[in-house]
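Below sits a lone chain in structure tokens, taken as the form predicted alone.
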């Protein structure tokens, strides 16, 4: 069940109506049980046995969280049980990632990386004494399986979402309007921008050896915006769905291509994952309170782990390593006052790295890079329809202009007319897709 379908719209309308009828102080347990059931149903539409993985993750972290707190009450650290939670949770993730790599016919559970990390934040925060363990297993299960964030995040923290699950939310006109508007904007980014770009990108990368360097460069440029609009579009729809019901879900993107530095890019791209690695890996390794050599190692490990999180292939490892190099080179030799030229360089290097993200075979990815560098001045392939490709470029240009104006706070507050325009554009220019890019992670 995808966000950009009428099936999800029908599902959400029913959920919302039943949610509103149980959203009061006297029926919170019933409300959460209903939301949990709806979330399991939502996930089971992809494959019924996927729900078993959710239950496994919930059981592991629920009991480990309780045992960590019990150990700490007895004067122990609780380290053995937080280690147990991490090992048992990550083991499931590693098994399916590598099993899928060895045998692609094996079904890779959608959203596994996301809800695994979300669940681990609960156990680790208990270990760090940032939260208390929850007695009601339904609340923990719902925190892990909450359907708006289940498949591709944002990766929420227990200390943010669980308190909201224990209280009556504010179902108001402002929340409804803001959530619905954000959802429409997400659908626009997905079906009008990302999916149209995907048609060209998929056609070129299906047989990259048969295309010129300029065509491969255009496909790389298109992919940069495809993955951004696809993933941030999903995040907008997830956050919008939650806001309609009165839940505040963390922001996951904040104009990442409008920045001047690699450091700023990673503060604005996939914020929930970047902050997760910062909080639970980077700081645990000592952060910046160590020697310079150790700090370089810490930064490198975080980027490499981020690459491995996305996929168990050398291409993803290289993608993580590239960003580690970009980050460190900028840290020691980057300009003190980045200008427009440096901004363009940052974008070009990010786009270059995306090639290894898109093409999982690292050898083939290097061939694409080599072809671009050696054959950049050559005829461009305009896709199966020149008109369609030019229309896609025009729509992308309008989107980029709007992003920049929003980044500079030049655009006024969204109005009903703008939402009507977005809906019209979705109807006229949207194309259908049966997946989101980040579902494979």
Partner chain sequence: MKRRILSILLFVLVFIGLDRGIGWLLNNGLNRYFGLNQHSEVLLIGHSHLMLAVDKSNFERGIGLSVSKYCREGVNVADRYEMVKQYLSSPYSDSLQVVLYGVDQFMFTGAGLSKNSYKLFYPFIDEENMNEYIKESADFSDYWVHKLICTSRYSDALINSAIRGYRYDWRNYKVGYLDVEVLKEQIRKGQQRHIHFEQDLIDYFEKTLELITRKGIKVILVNTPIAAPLNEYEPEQYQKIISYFREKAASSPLIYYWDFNPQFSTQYELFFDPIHLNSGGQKVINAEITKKFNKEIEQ
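Numbering follows the first chain given and starts at 1. Since this is a predicted model, take the numbers as computed values, not measurements.
If you look for the form predicted together with the partner chain, you will not find it shown, but the lines that follow are about it.
Proximity to the partner chain in the model of the complex, taken as heavy atoms within 4.5 Å, picks out 383-391 from the listed stretches 401-409, 53-61, 383-391, 35-43.
The closest non-hydrogen atom of residue 377 lies beyond 4.5 Å of the partner chain in the model of the complex. The partner chain is not shown here, but in the model of the complex it comes within 4.5 Å of a heavy atom of residue 424. For the chain shown alone, residue 420 is a contact residue for the partner chain in the model of the complex, at least one non-hydrogen atom being within 4.5 angstroms. Residue contact with the partner chain in the model of the complex: residue 173 places a heavy atom within 4.5 Å of it.
When the partner chain is considered in the model of the complex, only one residue from 189, 323, 196, 270 comes within 4.5 Å through any heavy atom, namely 196. Residues of 4-29 placing a heavy atom within 4.5 Å of the partner chain in the model of the complex, in sequence order: 6, 7.
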